[in-house]
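Shown next are two forms of a single protein chain, provided one at a time as structure tokens under the names structure 1 and structure 2.
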Structure 1
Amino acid sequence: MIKPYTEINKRIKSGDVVVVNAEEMIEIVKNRGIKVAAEEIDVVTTGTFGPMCSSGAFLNFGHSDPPIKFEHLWLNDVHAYHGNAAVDCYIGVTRMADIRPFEYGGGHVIEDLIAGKSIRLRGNSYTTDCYPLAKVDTEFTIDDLNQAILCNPRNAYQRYACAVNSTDRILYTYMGKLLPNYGNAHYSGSGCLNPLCNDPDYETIGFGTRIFLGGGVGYVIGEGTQHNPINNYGSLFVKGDLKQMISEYLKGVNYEKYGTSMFVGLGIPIPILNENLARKTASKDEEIFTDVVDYGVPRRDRPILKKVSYKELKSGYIELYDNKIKCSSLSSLFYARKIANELKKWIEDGIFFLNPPAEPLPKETEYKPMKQTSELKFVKDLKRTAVICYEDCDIKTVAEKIITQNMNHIVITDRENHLKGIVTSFDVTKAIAEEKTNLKEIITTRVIITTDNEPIEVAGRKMKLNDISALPVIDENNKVIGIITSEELMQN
């Protein structure tokens, strides 16, 4: 060890501390070497600002008169969890408002709360002898609360997968809107500024580490949920006082046709205790890699298409299958830098001191998928043979097949069995009524499809969202290998 925490904190107190952010540290090590950097630099600051869906807040309202024990409660029409004590609640950022789903959620409530806005509280109770009040409808601000604690069970992800979409339809995901046929790519994280990329072995980050959180002071209180350090997917469990925080660093957000979340600003100071930490805090974007993952495959073991560096991601494009794909970040590099620099100023001004972790974070945690005791069925388990007509058939031929095969959906293909469209019995009935004879006039060419390995719940959701009753089943070459209808799903 070159210098201990006590020496660094003495330098902070005296105003002699040397602090740089992680991007500046890269240049210092490049120009002056690891040994000199370790001796001269005391602290390296980091930052990240992105969507943290595993976030929320514990709130205590104080007792009403007469008292109430909440059974259900809503904050600005967002249902909050009551199952703590009588007037405590936990509001999660992904919980959507009952009245404005997909537009407003728990993350927006937290942002409005720390911005000083008035929040409507509605609640009801089953009543007891000691809690006789049955209903509350009131308003409060953050100053009216006894405690308001930001609590994020999973934050500061070490890295994120880069998401792409191989299907022929738009996907609406927590990684944003993914365009069909690899039309775009989305990633998150600040790369070389990311806290866990600067101390991946948790030499200085552990239980009790003091951090920048939401514009105030917070603490690491353990490893995050789904902590997976073996595969470089570490995460942190953090908390902090919402009354110290500012809405600039906590932003409610909504994702089109997916739901709500909240952007959380987080920064961690890395004390340069030794040369090894000097080396790690100088990690460059081109040395930090993540996976390009196909979100068009709806299962947990989505195929990894390639490895890509954060340097390539930040360039705005990635190379995939000899194509250049536009790449965008869901997180803010601007705010990540701002957080790292604000934390740097706090330390230089002597108002933020470093503390050694009381206990290190685990480095060998095994990440396990959900145990499923019921059998999961896939499209291949329920599909039936598709009734097919070629695209050069006439409407009469299609009508005859509907009658003889007792099938409401006729799949249209070319002679090599490639999908070209679909026709329903209603389409044919309408065409005959309008005296149409050309099949091309009634074919639906923009077809929602499925594959053998898609879970039937996903197939059913596609039908419901698109108000249709059948999905052609295709293989990897866009050839029709069957069909699944709402009838098969209802019988399951």
Structure 2
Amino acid sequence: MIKPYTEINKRIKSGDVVVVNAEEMIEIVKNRGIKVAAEEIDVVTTGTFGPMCSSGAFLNFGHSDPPIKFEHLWLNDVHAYHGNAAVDCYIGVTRMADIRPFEYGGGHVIEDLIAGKSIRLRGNSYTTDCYPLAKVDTEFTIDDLNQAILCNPRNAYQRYACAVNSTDRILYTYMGKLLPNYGNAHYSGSGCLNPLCNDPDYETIGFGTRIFLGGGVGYVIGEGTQHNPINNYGSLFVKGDLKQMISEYLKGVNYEKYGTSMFVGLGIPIPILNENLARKTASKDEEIFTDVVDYGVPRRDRPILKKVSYKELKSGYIELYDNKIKCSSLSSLFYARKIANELKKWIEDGIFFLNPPAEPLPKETEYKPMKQTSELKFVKDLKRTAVICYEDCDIKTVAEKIITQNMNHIVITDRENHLKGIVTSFDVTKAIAEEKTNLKEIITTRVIITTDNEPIEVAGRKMKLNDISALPVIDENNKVIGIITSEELMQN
């Protein structure tokens, strides 16, 4: 069976079109089979509503009198990018306000703009003969702008990894707050409702596809940046008129200690042109898989711990190392469904038509890592021999070692070289002043450590975060194999 776009649009016009959302499609195919579903269903709608950092908007303010060519400009204290003509700018959602960082950012500016709120514009210029004005400080609303165009270079990832944390401290990431020792798990994406999951071979989604974007009509304008179709991590470049959008579907957010972003509501209709598409749009959460990834490893290639289905993710718990871990989403399933249903209504009401793409999305794009010309250095390259004392020695022995070896940090181990603690010259000085003799009283047992293969930037951040100046280096058996101090990092 082949059903052309023209046929579907004719039915939209006459009001006979049959539209269901991707969750409903699963039931229909289950109960009536693919063949019947392909014939009877014309369009399946999808939706997603989650944090999408690669988002922002182009704004045009019109010319001032006398004219200005911005060099720098701020919208509600959020620095916007200016590198185009005089009064164009791009406001990106992860840019944070100068005075309220980690609270208000570009995404909030866009949300406020759509809500009709007044935005403060401050800008300056080096001035030219044609643009003599040096400074602007004014207020505007969205109605005062010539154009306000949402333009997001990477949205609607096909799937996203599920994050857990193996370290012993809380991590604050773009995947939310991750509790230590695999204390919780976070995932993103709407699974069976996700747009690209319903058309994984890009048969209908491509350049020019008309979509639901932020509550208005938008378009796919190409593949997203980092589009990675080979590994099922496809993404979309989208644009739409901000003036049509509603703030319910574009929400500024801030993740603690990570920064700001924006929730984008996006929905794509999939025309059921053939039985294949009927089958694909009926794919279930248990058939869509993603990776559980350890965000405790601060490297580009984080360890993948296992594969997990969206069914398991949505159940609220995942199994990991024989434990049940509480798991929740970062994106909203409620709003994803609401978007799919809203789009369904538009089509049923005859106000939204489907179009074939001008070009298909590329299917073989290579996804490359950054080329870094300076060599990455690791702890093993800079570490030095640790000065060690056994746990059963007394403070005097430690003090002697500090003096003879000229070392501020003494690592304490047992006889087999297992790490037991650390003592600094300050601890020892204090102990002597207080006339303490027992090492146990002054030893720090909760030691922050590093390993040979940790990049030195990561080790440096650990020192900074914990306000310490040395990290013992241990192997996989908790045996001490060296020490790295802020001195080595500084010399590097």
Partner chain sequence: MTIINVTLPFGVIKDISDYSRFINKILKYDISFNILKFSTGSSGINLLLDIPEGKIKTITESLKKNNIIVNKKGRVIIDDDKCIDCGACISLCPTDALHFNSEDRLEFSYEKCIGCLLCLDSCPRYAIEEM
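The structure displayed is predicted, hence computed values, not measured ones. All residue numbers here follow the sequence of structure 1, with the first residue given the number 1. Take the two forms, superpose them, and find the largest set of C-alpha atoms that agree within 1.5 Å; that set is the rigid core.
Only structure 2 comes from the form predicted in complex with the partner chain. Comparing the rigid parts between structure 1 and structure 2, the hinge falls at S374 out of the candidates D467, S374, I351, N31.
The chain behaves as two rigid parts between structure 1 and structure 2, and the smaller of them turns through 9 degrees against the larger. Superposing the two forms on their core, we find that the Cα atom of E400 is displaced by 4.5 Å between structure 1 and structure 2.
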